[in-house]
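Let's start with one chain on its own, the form predicted alone, as structure tokens.
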């Protein structure tokens, strides 16, 4: 019952009582007619709510497909069409139907709802959205708000219509890779004959003039003496350039909104580099590591190997079970908001009734306790908990925080406040990340072959104080004559250059951005000094520059040079 119906029922009851007391037949009949009218409208509305909603049928097509599961791409727009039909005579009430969109999907121009104001049998509404980050996306169902014609009664329901999608990471095609990758791989695809090309094999292919950076052992000294200029021997290539990707999925890379996580930035660069390498025929493998352990993706080539790598990155990007955190008022309010959006019938006062509470007397504490009672009832029903466990949720803060975190995470919420706390984790997370990364590098070296390029995607800016724990593993990789490139994601998605640290205006956002860039630049300088002095290369991602850095390292590994211009 809405406020309008209450304001009509109140004078009706008062007029009926006054008419009975004063024996005024006209006033009594008028008031009784008003109350009977409200009662009939309530009965009709209740019948429509019970009967008509049961006959509603939905059909949702995502990019023209209506299957319960599918594949989407991060960073690409999605066309969604929803058809609503009723097998009954039609909906005589005002019905607003909204498609509940998860946090990982952002609606662009159209609205994801429709309002039906007449007795029609079907309706269609369309909208476009963009998927923000890799991982998993679930469209849970439809939120329905039903009103009668006069606006006396209102009901909210949620009709589940789940569709799950695996979201693959976005990638960028670097265009013509001719200057950076070899033209033909030494392991060609089936049906392609082996061709002669330059490399570091044992069979001589040709002689050419010396270029800066060529290894001294390839100089043809006798020919150089006869021609009075340095000449370099070119050999046939015998092995491909193998690319090994190390992707960090620790807590610090998963915090933030979808599309703004450091993990999303690393996935983009990793997928772009893998696409460029596989398009040239180079095998690409991956090591995915986080607090749960290490997962190895075997090196493969071709479109099948590329999509297998993307599937692994997509599955790796799904947030695991949240870390146990303390219970806060904001956590309870957020969980209640999500429950009101997806399970409004479970928060109805007639179903979720809170017993009379005398204490606490304070109205704020009293309201918080009532909200906690209601949330505990919803969680107990969703997770099929016993009555004793439901009462324990009301009094046990850690238990309530754990279940509320799981509920928000399963509803598609990102790892931000209040799901988990992202402060005061830097030092301990850095130590754990260094240990996991060191073991991953050691395992990769034990299984590696010649002529490999290791690309490490890790959040090392916050780990500079504990970088010494990683240096032995890096030196071991370089001692085995592999190349190592580090790609460290930037919190602002910008390279920390001098221009990025300039304060553009005195607005709060510009001041915070400049302060973050100055801090990132100082950490980047320390990180680059420590890694470059042992022979590794470092890029603080600007995504395009990081992609070209990795492809440049592959080009050097392909030609056998130490570095561009003869400098390591």
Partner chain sequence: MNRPDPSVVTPTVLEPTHETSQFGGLLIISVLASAAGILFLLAPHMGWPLRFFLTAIILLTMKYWGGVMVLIAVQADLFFREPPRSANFQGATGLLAVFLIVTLLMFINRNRELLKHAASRPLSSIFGLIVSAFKGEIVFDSSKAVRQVPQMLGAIIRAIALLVGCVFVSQILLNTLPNRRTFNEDLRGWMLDETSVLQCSLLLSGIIAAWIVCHEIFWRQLTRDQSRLYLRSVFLTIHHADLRMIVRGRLHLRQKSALEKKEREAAAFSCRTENLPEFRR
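In this text, the rigid core denotes the largest set of C-alpha atoms whose superposition between the two forms falls within 1.5 Å. Numbering follows the first chain given and starts at 1. Note that the structure is predicted; figures quoted are calculated from it, not measured.
From this point on, the text means the form predicted in complex with the partner chain, which you will not see here.
For the three residues 138, 334 and 434, a heavy atom within 4.5 Å of the partner chain turns up in the model of the complex in no case. Of the candidates 79, 225, 124, 442, 124 is the one whose heavy atoms come within 4.5 Å of the partner chain in the model of the complex; the others do not.
Proximity to the partner chain in the model of the complex, taken as a non-hydrogen atom within 4.5 angstroms, holds for one residue of 294, 300, 380, 467, which is 380.
Although the partner is absent here, residue 32 lies within 4.5 Å of the partner chain in the model of the complex, judged by heavy atoms. When contacts are judged by a 4.5 Å heavy atom cut-off, residue 275 does not count as touching the partner chain in the model of the complex. Remark: residue 24 counts among the residues lining the partner chain in the model of the complex, judged by a heavy atom distance of 4.5 Å or less. Heavy atoms of residue 345 reach within 4.5 Å of the partner chain in the model of the complex, making it an interface residue. Proximity to the partner chain in the model of the complex, taken as heavy atoms within 4.5 Å, picks out 32-40 from the listed stretches 503-511, 516-524, 32-40, 533-541. Residues of 384-409 placing a heavy atom within 4.5 Å of the partner chain in the model of the complex, in sequence order: 384, 385, 386, 387, 388, 390, 391, 392, 395, 396. Superposed on the core, the two forms barely differ at residue 321: its CA moves less than 2 Å between the shown form and the other one.
With a cut-off of 2 Å and the rigid core superposed, residue 366 has a Cα displacement that reaches or exceeds the cut-off between the shown form and the other one. In the core-superposed comparison between the shown form and the other one, the C-alpha atom of residue 291 has shifted by less than 2 angstroms.
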